[in-house]
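Before any questions on binding or motion, here is one chain by itself as structure tokens, the form predicted alone.
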């Protein structure tokens, strides 16, 4: 089913498993998608920034999406289609929607500076891929260097009916969520889903501000699911307790340059990935970093039994 503004819950960003030689590890791909389905993910996102999408050939990207959709059953799959040019974006968007994707995610290029440039870019992107494809705005200024004010996001949403979701990754960004929800309440912006990124680093309060869930990665995505569902049931303290237990590892995974290496290492330790390899260029973990991660896992195991088998 196409993605709508009713999307809720946790849509993990899937890393792309590679072998040490740099080839896609299809056995780990299957194991990874099975894992997300089994833990109760509400959907998935593939070919995101942390999925190493720019390192894949076009044929590999399409093959990965096809494998994902076939593996996760009826879970909605969002596909990152950001590209330097609209021709490549259109080709990927149409291909993945034909395969059964629920929608696509579009990040702005770093060259955009003014509000009008950002709004125009999204209008042109929609014109390129087609107004029939639901899309997600990726708002990630820390990495993309494009600052979208709440007013700009409102303009994009109101100008483009096919915009159904915001991937909110601003930091600090809690006030932005509150402002966008006020826009909806006063009728100046139509409703959209807001799912948050940044590795879940502020998820505990983001859902309290009105976010609908998470669209991000973490080596223990079950925790993200726990936080969103506990908050939805009004169990605030329980949600913060499980979040606080994971916060040291979550913070460690947020380090620029090595965050994906940390995530893949832990997922390898968990038996989800056969290797923590990234396709070059890639960051690497030092022996000291590995020892620190192992220490964090040991501490986490005292508070969350899902980490107990790793120590």
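Numbering follows the first chain given and starts at 1. Here the structure is a predicted model, which means the values were calculated and not measured.
Missing here is the form predicted together with a further copy of the same chain; even so, the following discussion is about that form.
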Sole residue of 187, 73, 234, 172 within 4.5 Å of a further copy of the same chain in the predicted bound form, by heavy atom: 172
So a further copy of the same chain isn't shown here. In the predicted bound form, which residue out of 230, 126, 201, 99 has a non-hydrogen atom within 4.5 Å of it? 201
Would a further copy of the same chain be touched by all three of 25, 135 and 181 in the predicted bound form, meaning a heavy atom each within 4.5 Å? no
Please determine, with the chain shown alone, which of 189-197, 73-81, 107-115, 211-219 has non-hydrogen atoms within 4.5 Å of a further copy of the same chain in the predicted bound form. 107-115
Using a 4.5 Å heavy atom cut-off, state whether residue 38 contacts a further copy of the same chain in the predicted bound form. no
Can you tell me if residue 269 lies within 4.5 angstroms of a further copy of the same chain in the predicted bound form, counting non-hydrogen atoms only? no
Although the partner isn't part of this model, could you tell me whether residue 149 comes within 4.5 Å of a further copy of the same chain in the predicted bound form, counting any heavy atom of the residue? yes
Distance check, residue 225 to a further copy of the same chain in the predicted bound form, heavy atom within 4.5 Å: no
Going by a further copy of the same chain in the predicted bound form, which residues of 243-267 come within 4.5 Å of it through any heavy atom? 243, 244, 247, 248, 251, 252, 254, 255, 256, 258
